[in-house]
Each structure stands twice: as structure tokens, then as C-alpha cells.
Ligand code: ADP
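Below you will find one chain, with nothing else, as C-alpha cells; this is the form predicted alone, and questions on how it binds or moves follow later.
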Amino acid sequence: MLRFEHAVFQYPGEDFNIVDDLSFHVEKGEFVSIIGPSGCGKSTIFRLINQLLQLKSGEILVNGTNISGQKNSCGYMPQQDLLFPWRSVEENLCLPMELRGDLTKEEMKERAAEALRNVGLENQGAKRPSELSGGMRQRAAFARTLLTGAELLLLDEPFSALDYLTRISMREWLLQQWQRERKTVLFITHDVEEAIYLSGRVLVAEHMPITQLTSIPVPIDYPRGRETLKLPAVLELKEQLIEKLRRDVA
């Protein structure tokens, strides 16, 4: 679904490449998390995939085709929900469909209503984002990301601003959504436990700048519950990843 081939990127005004000869891949239908120290370039990878930034050299492929010139190659959900406060929840969900311009107003309303049902927000479409809780806004933002129609979803620390108990609930909810939709998900998080709970593989940024992402499989099958986090193999993996991040920062 996604492949980086010798990707290089440098921010204007910097004298080094923040992404330097990076190659990795994500298979169709995988849930893969990226972890690494703050500022190492994880979010830069997302901005390159959604073409907010342009590579210096190398290439990025989605479904075997270079992303250059591709429209709707991915759906992107940043850390903040970015719902427009002057629009209703339903109108926010209709936005990606409006931008595509291939549906009638009635079709958009029907799809938005279905998406809200799927994320547990039925009958919330007429409300403004300010009337929803943080977790509800994140679910609405995820539904809007699904309505881009993209098979590849980029989720950039979507739960980082939520309180601990809400984050736990949202992780469980997201895993259920992924198992139902079977989209390809690339997920950025600073939370090692979150990465293990959600992912089939974890990609670790071994260096700053990013020259490679070390792929580490998670040794538990789906479906999962929070009790799986207590398994000896999972606890061992958690310590291994924490130690890697400590070493990378040092």
C-alpha cells in the first residue's frame, strides 16, 4: 500500500536532511505505528505522504504509483480534531466529499449519517463541535477521515490531548473500527503501550535524523483486549522499545 524508496527531505534553512535515504513499506490492511524521540521527523513523514512537503530526492509510492500528482492518496488525521467550529458535525463530515465534488448534497448527507452511526455518534450531526466531548470530537474527526474514501489512513497522535481514561477507551474503539473497515493505518504515537496495543508492527526511528525505521512485530494476534498487555512477551517488548527510545535520545 505504501512504500518509501530512498527518500530524502531537508527543511529550508537547515543544513542537514531530517529524512535521509529512508526506505520502508506498509502492506495493505496493516495497522503499523511509528515511535521515536520528539522532533526526530515522524510527522515530517506524514507531511511528505500527504504532499504538504516535497521530497528532495527518492520517491513515495501508494498502491505502486508515485504520489506526485495523485489525489486522495491518503486520509490524514492530525493531533487536533480541526473540526470547523462554525459548521455542524454533519457539515464537517461532508467537507471531504464536497472537495471531491462527485456526490449530490443528499448523497453526502446520507454517507455522513452512516459514518456517524458507525462511530457511535448517531443523532449528533446537528450539533456544533463545541457541544461534543473531546473523545466525541476525535471520533467525528476519524469519521471525516474515513469519508475521504482513501484506503491509507495517517493518524498523527490523535489521542494525545485526551485524558488517560478517554485515551484507553479511544484505543479500544479505534481497534474495533480498524477491524471493521480494514483500512491500512499508519499511526504516530509517543506512547509505547498504545503502539503495542494497536499495531501488528511497530516502526522505531533509530536515529535522528531518520535514516531507517526498524520494524518490530507485535507478538499477539487480533482481536485484542487490555489483558493482552500483561502477557510476558508483551511486557518484554514494551521494555525493549522503551530502552531503544532511551538509547536513541542519549
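Throughout, we count residues from 1 along the sequence that is shown. Keep in mind the model is a prediction, meaning the values are calculated, not measured.
We do not show the form predicted in complex with the named molecule, though everything after this point is about it.
- Though the partner is left out of this view, I49 does not reach within 4.5 Å of the named molecule in the model of the complex, counting heavy atoms only.
- Residue contact check for I18: one or more of its heavy atoms lie within 4.5 Å of the named molecule in the model of the complex.
- Proximity of Q54 to the named molecule in the model of the complex falls outside the 4.5 Å heavy atom cutoff.
- In the model of the complex, the named molecule lies within 4.5 Å of some heavy atom of P37.
- The chain is drawn here without the named molecule; in the model of the complex, the stretch among 179-187, 39-47, 221-229, 59-67 whose residues come within 4.5 Å of it by any heavy atom is 39-47.
- Taking a 4.5 Å heavy atom cutoff to the named molecule in the model of the complex, the one contacting residue in 183-209 is M208.
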